[in-house]
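Take a look at this single chain, the form predicted alone, given in structure tokens.
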Amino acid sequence: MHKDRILKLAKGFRGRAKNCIRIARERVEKALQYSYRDRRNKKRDMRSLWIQRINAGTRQHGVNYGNFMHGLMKENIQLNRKVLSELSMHEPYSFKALVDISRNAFPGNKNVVLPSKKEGISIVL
């Protein structure tokens, strides 16, 4: 890379990494390596987050994530994990309808006991 381009990319770095060309070149190359790696890791992290959100939503209705997804697959409901996670957070009634469809499609979902709700608990301060 040309000197001007390296120094432009190094803008905002600390110490001599922003104005000494030799150090700036090393830091810019390493920064570009990190950005290349993390563009891929970002996709992995987002998918993991979506799965956690879906799992939390399905467990409220007594089904685990794997059985829920298997039931949707058997019913040929092709919603991706991003949309399912948004539904679980912002549209609980729509998500419950999907959980019910999944539960009816896959027999493994029917044997699960719904979590009990504790009533009458009061906190005394």
Partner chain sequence: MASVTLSLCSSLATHCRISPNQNPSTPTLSFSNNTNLTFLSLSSHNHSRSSSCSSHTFHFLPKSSESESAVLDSETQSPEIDSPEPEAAQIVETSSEQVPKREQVFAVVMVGSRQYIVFPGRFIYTQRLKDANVNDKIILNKVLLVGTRNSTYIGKPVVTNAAVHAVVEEQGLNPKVIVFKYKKKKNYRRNIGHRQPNTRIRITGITGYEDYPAVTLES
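Positions refer to the first chain, counted from 1. Computed from a predicted structure; not experimentally measured.
Omitted from view is the form predicted in complex with the partner chain, to which the following refers.
Put simply, residue 65 is far from the partner chain in the predicted bound form: not one heavy atom of it is within 4.5 Å. Contact check for residue 73: no non-hydrogen atom falls within 4.5 Å of the partner chain in the predicted bound form. Although the partner is absent here, residue 3 sits far enough away that none of its heavy atoms falls within 4.5 Å of the partner chain in the predicted bound form. In the predicted bound form, no heavy atom of residue 23 sits within 4.5 Å of the partner chain. Taking a 4.5 Å heavy atom cutoff to the partner chain in the predicted bound form, the contacting residues in 60 to 92 are 75, 76, 77, 78, 79, 80, 82, 83, 85, 86, 87, 89, 90, 91, 92.
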